[in-house]
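A lone chain, given as structure tokens: the form predicted alone.
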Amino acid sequence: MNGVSLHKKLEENAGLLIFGILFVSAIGGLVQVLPSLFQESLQTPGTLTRVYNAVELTGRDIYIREGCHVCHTQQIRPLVAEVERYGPYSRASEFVYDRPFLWGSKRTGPDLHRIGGKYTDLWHELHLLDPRSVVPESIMPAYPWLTTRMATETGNIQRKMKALAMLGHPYSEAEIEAAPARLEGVTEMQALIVYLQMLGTTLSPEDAAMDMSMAEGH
């Protein structure tokens, strides 16, 4: 009877019911999140994983600002169909220096995690200026203003790098000091393309070969 009475009270009291739902959800969230905070493999960079340089970091900020992550994921799942289409699946070690993560969950456009080196800089520029000139069926909008804005206008690069250094990104004082000079004369279009061209290029050749042989042998 006590159980029935308690259940009835929960149903009749909206505030108590909401509290109960939040309490149970919080427990479920902690069970999922806490183990990952102490799992070393999720915090250890791969052999080729590195921090973004000043131009790449600025390009990444432009990528976020323009909402590219809304339509494109950066997370190739360990499934044969995904590996065959996009390339080697994504490893946690590749995202150690990503803040925020841009894994995404919706693919209006293709996954971009292995886009680096797949196309030329000119292809990317044409695609961003007029997507349908290179992909006729594309529904992606054009971004012509990126050619007229300079990368130096995209926030304070030294502040960004200093903040990331405080979070554990191994930027040296020399790299931070030289950052503004690296952005001089660089347009937002060029910075974004530099970022796109490095996506997925920090995976070790051994891991890449293993994934592709898995897909071929399926």
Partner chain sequence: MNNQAEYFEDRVVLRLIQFSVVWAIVGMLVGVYVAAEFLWPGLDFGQFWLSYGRIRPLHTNGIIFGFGVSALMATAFYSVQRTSHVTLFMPKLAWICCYGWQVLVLLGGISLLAGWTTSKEYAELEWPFDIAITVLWVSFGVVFFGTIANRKIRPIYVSNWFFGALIIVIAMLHVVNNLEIPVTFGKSYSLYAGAQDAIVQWWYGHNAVGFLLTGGFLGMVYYFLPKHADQPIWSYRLSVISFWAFTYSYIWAGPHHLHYSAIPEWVQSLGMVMSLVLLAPSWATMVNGVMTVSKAWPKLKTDPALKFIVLALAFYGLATFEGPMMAIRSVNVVSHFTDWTIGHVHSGALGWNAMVTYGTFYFMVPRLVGRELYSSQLAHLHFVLALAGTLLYIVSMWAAGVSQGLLWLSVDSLGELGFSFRDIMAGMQPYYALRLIAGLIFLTGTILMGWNLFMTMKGRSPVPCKPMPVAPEWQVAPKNTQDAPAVEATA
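Computed from a prediction, not measured in an experiment: that's the story for all the values here. Residue numbers count along the first chain shown, from 1.
What comes next is about the form predicted together with the partner chain, which does not appear here.
Of the residues 53, 49, 43, 152, just one reaches the partner chain in the predicted bound form with a heavy atom at 4.5 Å or closer; this is 43. Interface residue remark: residue 75 is counted as part of the site for the partner chain in the predicted bound form, having a heavy atom within 4.5 Å. Residue 116 falls outside the set of residues with a heavy atom inside 4.5 Å of the partner chain in the predicted bound form. The partner chain is not shown here, but in the predicted bound form it comes within 4.5 Å of a heavy atom of residue 32.
Contact annotation for residue 17: at least one heavy atom lies within 4.5 Å of the partner chain in the predicted bound form. Taking the partner chain as positioned in the predicted bound form, the residues of 95-121 that bring a heavy atom within 4.5 Å of it are, in sequence order, 95, 96, 98, 99, 100, 101, 102, 103, 104, 105, 106, 107, 108, 109, 110.
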